[in-house]
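In the form predicted on its own, a lone chain appears below as structure tokens.
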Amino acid sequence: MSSTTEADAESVLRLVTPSLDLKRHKGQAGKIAVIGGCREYTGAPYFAAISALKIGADLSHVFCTKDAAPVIKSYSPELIVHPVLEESYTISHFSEEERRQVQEKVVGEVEKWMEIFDCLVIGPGLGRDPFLLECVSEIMLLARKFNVPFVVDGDGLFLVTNSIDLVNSYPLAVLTPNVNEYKRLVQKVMNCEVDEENTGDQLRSLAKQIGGVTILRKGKSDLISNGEIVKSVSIYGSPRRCGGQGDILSGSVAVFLSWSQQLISGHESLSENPAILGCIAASGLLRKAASLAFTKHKRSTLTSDIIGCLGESLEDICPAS
């Protein structure tokens, strides 16, 4: 029998969400960075980054390709956009040495900022360009060097599935696979198929084999494990499955993970895993916001409508005053 237990998401949200205090200064409520955004995909990094702000992070950065930057900037003046990533087509005529220099420059531009970030979101709108993925691999290693937590979603999961060592045994890594991404991860790491009869036990085993990373398996019920415990979040939700909800989730996990770390570092009596708390809080809030958005918009519900309900949904659980 699986030892999966339903999490009390609302209690976790109340626990980790900091109160608004006039004594706090800009940045103390979270500085989040999204690594993603290329020619084809500009919506996903925007959704992740703006969701972080809507929940209550103070600053949200996006590191994307030069082609994606003007588009993402046009969506909102609230985001700090860095057009530093490069794709293969821009360096197709470069020598190996020149390619190496470009990669060092890209990673160096991110490193300038790394120590200020509370959490990264890696993958929304990233695409699968080989050179871009090489650069992002180095950025992930850099984050580990600085002990910065990161959430991996979208094409970041494609990268990780093919290079497990990037996250192996890093307890500050969170993977947020959907059904297909999870299937590929199970096949790669465990060399078997997904076991729908023992989902919790298989998830725990998968997280353990990757060295204790936290995995949030998205589905009808979200399942969360770090290789030791398995929690589920089954509340709220919406039958409308518009694209982009995973991007909201990844940005939300980043904020709540950083808040959980801040909370636990200030209370020695708290022994909870901040990544687990962050996943539970983010999953619960997204489901509540999606439910509220669907109540208002029904079939026409879009990801932007759900983002618009994040603040109201969090306020309902954790009133600002």
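The numbering used is simple: start at 1 and walk along the sequence shown. Quick caveat: nothing in here was measured; it's all calculated off a predicted structure.
One more form of this protein, predicted in complex with another copy of the chain, exists but is not displayed; see below.
When the contact criterion is heavy atoms within 4.5 Å, does P239 count as touching another copy of the chain in the predicted complex?
Yes - in the predicted complex, heavy atoms of P239 and another copy of the chain come within 4.5 Å of each other.
Just to confirm, T42 within 4.5 Å of another copy of the chain in the predicted complex by heavy atoms?
Answer yes; at least one heavy atom of T42 falls within 4.5 Å of another copy of the chain in the predicted complex.
With the partner left out of view, is P130 within 4.5 angstroms of another copy of the chain in the predicted complex by any non-hydrogen atom?
No, no contact at 4.5 Å.
Please run the contact check for I91 against another copy of the chain in the predicted complex: heavy atoms, 4.5 angstroms, yes or no?
The answer is no: I91 has no heavy atom within 4.5 Å of another copy of the chain.
Another copy of the chain isn't shown here, but in the predicted complex, which of 133-141, 208-216, 240-248, 95-103 has heavy atoms within 4.5 Å of it?
This holds for exactly one stretch, 240-248.
In the predicted complex, does every one of V71, Y75 and S300 come within 4.5 Å of another copy of the chain, counting any heavy atom?
Answer is yes for this spot.
Do any residues of 213-235 have a non-hydrogen atom within 4.5 angstroms of another copy of the chain in the predicted complex? If so, which ones, in sequence order?
Heavy-atom contacts to another copy of the chain in the predicted complex: only K220.
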